[in-house]
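Next up: a single chain in structure tokens, the form predicted alone.
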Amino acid sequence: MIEKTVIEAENAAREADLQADYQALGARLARRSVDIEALTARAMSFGVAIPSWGTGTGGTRFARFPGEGEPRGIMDRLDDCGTIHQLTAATPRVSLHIPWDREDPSLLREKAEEVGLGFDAMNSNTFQDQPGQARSYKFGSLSHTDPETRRQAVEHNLECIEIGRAIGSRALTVWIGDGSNFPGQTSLSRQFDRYLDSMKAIYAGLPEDWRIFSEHKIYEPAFYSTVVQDWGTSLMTAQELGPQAQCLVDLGHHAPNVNIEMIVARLVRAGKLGGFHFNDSKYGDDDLDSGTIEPFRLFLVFNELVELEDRPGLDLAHMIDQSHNVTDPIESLIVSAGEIQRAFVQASLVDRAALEGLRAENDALMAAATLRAAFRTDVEPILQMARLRAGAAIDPVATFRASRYRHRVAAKRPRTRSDGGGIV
């Protein structure tokens, strides 16, 4: 990881400017009766999980171009995730993907403790075949027409639960690529029934203190129909499974122009919102860095979450889920963690009392202006101060580059060859 002296030296060069900016922002916020210290405390309390697989270079359907210092396995990935948290103080947990991250649980716990991380939700993989796998998922997994293939997929998810129990995780995220590419290829009704039966078998294996998250996606790799294609189907699944089942919302898994913040509000009302996969997109499931394309939409999502945060039982799992095809994955994850934290702090700035009054008066113009006032507030000094007080970096990307971490790990990790398309 990065030497503490490197972070201290980089912070020392920036701290005077930060103190001046922080005091100036504090004075401006005070005129709005906002306590900057309270916002800084909220920023310090916020955390988002890092996906282990996100530390490697992603790829498109056409190609993948690995960079220097690619992680060789889960232990390298945990080093990278620990470095991100060391610099941001905003990514305290890591989410594992099985079988990509299969390892002795005792070694995983030991390594995570060494790099200062805990474990978030487990992620199963039945969207691609693995070496030595008895039955193929080419035509589906949990919804396959063959009962033995479905059984294999169920057993894999149960294995993920067992690994998760051993390392301290308390949730399982299930996303499948099942669907069809041609009309008539499958029975849309019976395929969904088979999926539900498989999910019920997985649900039966959940420990009492665990949750299972149903994740939807409108298309890809199934382009004509997808078994769990939208939040309505995900909600149906969670309601049928039981109280330990909830919905996971990936910001890139929706039809164009869908009002995601409304989906958030509906799922919260139903008691079925379990968490998020954060990313950004222009055309589809682009998996771009969070806040790259639509930072206002990210803010609006958090506006709903902050407004509803006192709802009993609301316990959200936040995770970044991105594919870094042309950037350094560590740098992209650092930037995304900051942008997600920024949206949370901006949403915490909204004058709720004033907004409720404007809504009661049907003053659409000023209600929208109230949201814009919070969104346009530059809260960067708050984020920087939160990192400084936590012993992290005022400027995480600059400090990462100054540390030459990528250069150092590249000397230990053999450069991987460019291979076919697909994710890490």
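The numbering used is simple: start at 1 and walk along the sequence shown. These figures come from a predicted structure and were not determined experimentally.
One more form of this protein, predicted in complex with another copy of the chain, exists but is not displayed; see below.
Q: Which among 299 to 307, 208 to 216, 158 to 166, 108 to 116 is in contact with another copy of the chain in the predicted bound form, heavy atoms within 4.5 angstroms?
A: Only one stretch qualifies here: 299 to 307.
Q: Verify the contact flag for Arg150: yes if a non-hydrogen atom of it lies within 4.5 Å of a non-hydrogen atom of another copy of the chain in the predicted bound form, no if not.
A: Close contact is absent here: in the predicted bound form, Arg150 is far from another copy of the chain, nothing within 4.5 Å, heavy atoms only.
Q: Quick one: does Glu10 come within 4.5 Å of another copy of the chain in the predicted bound form, counting heavy atoms only?
A: Output for Glu10 is no: heavy atoms all beyond 4.5 Å of another copy of the chain.
Q: Gly82: heavy atom within 4.5 Å of another copy of the chain in the predicted bound form?
A: Flag for Gly82 set to no.
Q: Is there a non-hydrogen atom of Phe278 within 4.5 angstroms of a non-hydrogen atom of another copy of the chain in the predicted bound form?
A: No - in the predicted bound form, heavy atoms of Phe278 and another copy of the chain never come within 4.5 Å of each other.
Q: Can you work out which of Ala317, Leu235, Leu241, Ile74 has a heavy atom no more than 4.5 Å from another copy of the chain in the predicted bound form?
A: When another copy of the chain is considered in the predicted bound form, the option within 4.5 Å is Leu235.
Q: Name the single residue among Ser198, Thr91, Thr173, Ser332 that comes within 4.5 Å of another copy of the chain in the predicted bound form, judging by heavy atoms.
A: Partner contact (heavy atom, 4.5 Å) among the options: Ser332.
Q: For the stretch 215 to 252, return the residues whose heavy atoms include at least one within 4.5 Å of another copy of the chain in the predicted bound form, in the order they occur.
A: Result: Lys217, Ile218, Tyr219, Glu220, Pro221, Phe223, Tyr224, Ser225, Thr226, Val227, Gln229, Asp230, Trp231, Gly232, Thr233, Leu235, Met236, Gln239, Glu240.
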